[in-house]
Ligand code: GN1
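Below sits a lone chain in structure tokens, taken as the form predicted on its own.
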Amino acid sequence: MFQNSSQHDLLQIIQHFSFQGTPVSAKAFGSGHINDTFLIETREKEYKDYLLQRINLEVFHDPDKLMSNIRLVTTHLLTKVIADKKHPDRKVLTLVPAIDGTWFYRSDSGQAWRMYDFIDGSKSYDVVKTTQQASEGGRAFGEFQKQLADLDAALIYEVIPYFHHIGHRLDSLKKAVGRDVFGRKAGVEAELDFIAKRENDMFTILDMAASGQLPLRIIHNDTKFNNVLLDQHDRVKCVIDLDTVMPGYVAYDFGDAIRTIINRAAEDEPNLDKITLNMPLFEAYTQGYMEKAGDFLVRAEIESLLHGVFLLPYMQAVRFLTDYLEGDIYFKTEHGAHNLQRTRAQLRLLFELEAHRSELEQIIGQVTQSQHF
């Protein structure tokens, strides 16, 4: 059985869920930074292993609404996967109910826990290395959006209000600048000037939505590549981490995926000269995405994709800089200037994207034309 008190505590949590088999081990799992995840292994081969997660209530204040979203989305996705006979190996995250019939367990200490079936025979990557992987990522998130296109966005709670609302993010930055609690404003004037010069352009998606050009969709909102599970042949198996699934615009998902795929350097690369664009990965992701999503998108949504490519690194830089000015209270940091380093890396990425705007636009146009959208 479990070898130490922490595993014993996890065993006690597990007993509040309707699982099968005999749990024999519990170990930390994955590279997520928000929730705590543990792989629960069972003794019997005929039973599944499970993932047990402690929900971060500092980020997700209302677990009832969070789990309502996930239950609604996974149920809807399952109907689509069952109906798709072409891809019998595709999976959907499957919640394990609590013994009281709800979808999470609230411990006596106030912690919130949930359990999923573990998807065996899958793997994920933190960094995209091949065009096949990039293409599969595009297919995964394009199909995810398509499968949810007929689910009413009004049924989904906004569990993190204004998550990708650039106006809200800029307001938070301006308030942090005004307070300047830690006296850091003087060292970031160049970054603030860079951000200010692009502010008006970054409202394009919201302006298109306000004019009725963009439909409100249910989107993933966190399309980094390790939120796609692949099989042993690097083919898409499942989209995971559904906590941020909320109403939004498709360009947000597209832009965030490109932000994490196209950069040849790390998100916090201190040597800005290393930040260059991997165009083959951009083209591969775009092809995969349009293959799955192209036939349900309206023309304005396709036109908005490039705006998302610029917006998401800009928005991430704004978030990093806000946190830096506020004393590094949100993002985990390794040193005192880590958030500033991240800010500069994201702004340099945006600079490179702007320098290659025509090439990026041409690729999207060629992919769209070749797939007859």
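What you see is a predicted model, and the numbers here were worked out from it, not measured in a lab. Counting begins at 1, following the sequence as shown. In this text, rigid core is short for the largest set of C-alphas that superpose within 1.5 Å between two forms.
FYI, the form predicted in complex with the named molecule isn't displayed, but the following is about it.
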{"property": "Gln133 within 4.5 Å of the named molecule in the predicted complex, heavy atoms", "result": "no"}
{"property": "In the predicted complex, Arg139 touching the named molecule (heavy atom, 4.5 Å)", "result": "no"}
{"property": "Tyr47 within 4.5 Å of the named molecule in the predicted complex, heavy atoms", "result": "no"}
{"property": "Distance check, Thr74 to the named molecule in the predicted complex, heavy atom within 4.5 Å", "result": "no"}
{"property": "Listed residue that, although the named molecule is not shown, lies within 4.5 Å of it in the predicted complex (heavy atoms), from Glu269, Glu303, Glu191, Asp241", "result": "Asp241"}
{"property": "Answer option from Asn263, Gln145, Asn227, Thr286, heavy atom within 4.5 Å of the named molecule in the predicted complex", "result": "Asn227"}
{"property": "Partner-facing stretch of 216-224, 191-199, 101-109, 276-284, counted where any non-hydrogen atom is within 4.5 angstroms of the named molecule in the predicted complex", "result": "216-224"}
{"property": "Stretch 302-333 - residues with a heavy atom within 4.5 Å of the named molecule in the predicted complex", "result": "Gln316, Arg319, Phe320, Tyr330, Phe331"}
{"property": "His338 C-alpha moves between this form and the one not shown by 2 Å or more, core aligned", "result": "yes"}
